[in-house]
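What follows is a pair of forms of the same protein chain, given separately as structure tokens and numbered structure 1 and structure 2.
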Structure 1
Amino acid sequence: MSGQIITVQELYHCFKEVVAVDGISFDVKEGEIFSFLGPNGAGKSTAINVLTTLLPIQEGRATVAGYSVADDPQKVRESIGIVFQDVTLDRDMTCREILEFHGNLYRMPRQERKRRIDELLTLVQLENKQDVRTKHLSGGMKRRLEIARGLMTRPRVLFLDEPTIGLDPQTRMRMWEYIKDVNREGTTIFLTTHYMDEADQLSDRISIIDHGKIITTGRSFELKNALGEDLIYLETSDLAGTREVLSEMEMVKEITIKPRGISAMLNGDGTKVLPSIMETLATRRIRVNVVNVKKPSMDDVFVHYTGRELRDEGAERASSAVTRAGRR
């Protein structure tokens, strides 16, 4: 639990004109779970591909497990494991063969290989599918098999590119638990995700990444606290009027117009401010239909920093529905 196991300085990567990673710098501490949270096309996978030596370094510097990614790729590969974003299973091999093959690639001793395979097949509940070819598995089963494969070698750093995509809620929870277990046993985890809850629950630290740039980094509660203490959401008969009222309040830090309502980030305790807001609205004859006070969530953090909403899919579409409210 000491030094930095990944260091990245001014990393830049482009595909022809498309700048996928635009000068990012960050460190990952040994033993932590670190997440990249960002929408589709943010550059998460590209960053992982560079760090795992699949793509060459174009500009910038990076080390993984103490080895330079540019100069010592072989050592880097010996220290890492990866679960790729999209399915990379041989359709005509059985689950057990897939894991055998992987163990052999990493030169795992026979006994250990067998023990680990049995353990992992049980964990991902594929024991009774072990001799089934992967083309006969459901999408979620494939994903589970891939996660099992990534966990097999207990690398020093494990890269998980959107690991729980396509899994049902129970399985996701189980995977999170297992990822945490693996982490407790000493493997540093580098995770990318566009699930808020995944980043929130799993990671020690989160970097929000968008358009190839890291926008902010911090612990989940730090990111939320930086936003403000409470978030008030209102649906009223007169949005413009409501906005005016809110922008005159002392404690209101930031206002965001939502598709059907308006939300305001507060500096202080929302329950204390709410009565005076309601009162002012009443004097202006603005009717309140919906009111809600809550702590900012990861979603709010994300919207705050990127100006877009992040949904399971269609992040691009959602972004057009949200307009950023100016500060006072």
Structure 2
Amino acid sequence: MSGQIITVQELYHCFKEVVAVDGISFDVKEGEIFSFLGPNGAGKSTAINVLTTLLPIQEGRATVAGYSVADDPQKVRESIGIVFQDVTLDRDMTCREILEFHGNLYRMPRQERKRRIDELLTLVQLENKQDVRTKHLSGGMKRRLEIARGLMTRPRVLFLDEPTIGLDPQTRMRMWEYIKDVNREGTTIFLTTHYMDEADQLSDRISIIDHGKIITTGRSFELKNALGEDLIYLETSDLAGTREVLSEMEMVKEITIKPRGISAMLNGDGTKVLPSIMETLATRRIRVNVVNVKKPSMDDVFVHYTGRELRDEGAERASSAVTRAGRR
């Protein structure tokens, strides 16, 4: 990877009184897969819409492929491809016609256009569906066709806004492989997602975004390793007593109360400290109903930094209702 292909400084965007993006700063390196991970309403799509010139910059600065989003929007548009959250395909056009129309729109020469369409249909494995109208395609095929359309002009950056939303697990995993193939061709990928496993499996780096703010950024393993070596989860007859036992142990880094149990981050191997925990609980006559030892996951990372699970029922309502009466 070489230099930075996207730079963002103090980006702020609001809709009336609702703050969607709250002074975020970050960069994306050329050639990487970079992800925004956060719940619906966290500001992910708004940030992408600003970077792709679909929304004006209200405050802050941003460059894409070396061009200012505010001052050179046309140059930015010429350097990017976009796959939106919602399907935007003409239902009565065939796969080839969709790509042909897009190439014509960008005034690609006829021979180059034909060659590129053939390449892309092969890349997304739709060559056998090229003459099928899009209304007859499955959801996964439509997403693959949209990725192909976004790549027609060989963009330096491809923006994917929740690219696998609504797809079944098998189709999602195949979609991940297509995205990796596109990245291997040399295209930088900027991905937004609320799927933990998607960010974990695809990304070179992840920014966790919530309530319009970037909370932390790093590689998946860095974010998980920062929490500790292992996690122990316990459901017992006395949670207060269990917490007291855990808090007295040197290896315990952090304790979190869950709806039905208690979780502890450890600075060492959980299998080695677990017998001591069980013995101490037994001497205090605290019954253990459930015990689990595991490595930290992206779910644990999100809970650690935001204080709640990404799929909490109130996540979308809480994040979409973020308001701020005055600027600091």
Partner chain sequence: MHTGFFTIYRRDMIRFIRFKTLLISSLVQPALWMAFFGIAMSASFNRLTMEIPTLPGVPTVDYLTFMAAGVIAMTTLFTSLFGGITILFDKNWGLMREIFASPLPRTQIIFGIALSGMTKSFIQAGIIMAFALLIGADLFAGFTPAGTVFAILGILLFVGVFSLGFLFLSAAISISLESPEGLQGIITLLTMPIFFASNALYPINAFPPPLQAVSLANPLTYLVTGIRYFAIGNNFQAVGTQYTVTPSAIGFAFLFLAGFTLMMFGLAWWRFQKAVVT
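Just so we're on the same page, residue numbers count up from 1 along structure 1's sequence. Only a predicted model underlies this, so the values are computations on that prediction, with no experimental measurement involved. Just so we're on the same page, rigid core means the largest C-alpha set that superposes within 1.5 Å between forms.
Source of structure 2: the form predicted alone. Assigning each C-alpha to whichever rigid part's superposition fits it better places residue 268 and residue 108 in two different parts between the two structures. Relative to the larger rigid part, the smaller one has turned by 15° between the two structures, according to C-alpha superposition. Core superposition places the C-alpha of residue 143 3.9 Å apart between the two structures. Taking the core as reference, the C-alpha deviation of residue 132 between the two structures is 5.8 Å.
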